[in-house]
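Only one chain is given next, in structure tokens, and it is the form predicted on its own.
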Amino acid sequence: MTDLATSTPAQLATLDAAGRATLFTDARTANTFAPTPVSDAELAEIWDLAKWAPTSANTQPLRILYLRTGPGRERLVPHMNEGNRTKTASAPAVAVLAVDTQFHEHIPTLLPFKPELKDVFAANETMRTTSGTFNATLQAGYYILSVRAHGLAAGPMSGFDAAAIDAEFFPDGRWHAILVINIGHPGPNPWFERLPRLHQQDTLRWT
């Protein structure tokens, strides 16, 4: 057995400048998209990377609905805010990110050493809702990074009628939409002017 008190600490890899630019400093929210297709394999790979996001007790409450052009997209677009409809209609793929309100049912699989946590969540709807929403939102951030890591542009949007999308696509009430993301290659003039970020003196404290 390894003596953890004397073992050599793990050396974590550092993302190089190009990787940081792809995920952060050069990444932008796309507002127009080229007609270049995004394959089912690419969309599956995006999830296979994003699924490694950390969540409380490994509960993983995020779910994804992918929509292509066609009848499904036509059902979605009217529920987007007016300013988001054109770009949503033109993106090669759209992901509706949702929280599974019954995520606790998977706890015996996801947290096998503490399966009884399933019953704790089942008995407390407020805790289940708060935890599910927080952790699904955390996963959504990783999902955006995964889109970028696969050489695609993400257009995340909160401007939509969530209740209408839920009624349209999740009528059983189990999934609840929290974010819509357009996915594809950037089209003509895809970026708005880069907006400023807050400085360290406005965001950091040291003790």
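Just count from 1 along the sequence shown to find any residue number. Everything quoted here is computed from the prediction, not taken from an experiment.
Omitted from view is the form predicted together with another copy of the chain, to which the following refers.
> Test of understanding: in the model of the complex, would R85 fall inside 4.5 Å of another copy of the chain by heavy atoms?
Although another copy of the chain is absent here, R85 would stay clear of it in the model of the complex, with no heavy atoms inside 4.5 Å.
> Can you tell me whether Q60 touches another copy of the chain? I mean in the model of the complex, with a 4.5 angstroms heavy atom cut-off.
Yes, contact at 4.5 Å.
> With a 4.5 Å heavy atom cut-off, would you call G141 a contact of another copy of the chain in the model of the complex?
G141: yes, in contact with another copy of the chain in the model of the complex.
> According to a 4.5 angstroms non-hydrogen atom cut-off, is T126 in contact with another copy of the chain in the model of the complex?
T126 lies outside the contact set for another copy of the chain.
> Within 4.5 Å of another copy of the chain in the model of the complex, which residues of 168-186 have a heavy atom? Give them in sequence order, or say none.
Going through 168-186 in order - heavy atoms within 4.5 Å of another copy of the chain in the model of the complex - the hits are F169, F170, W175, I178, L179, H185, P186.
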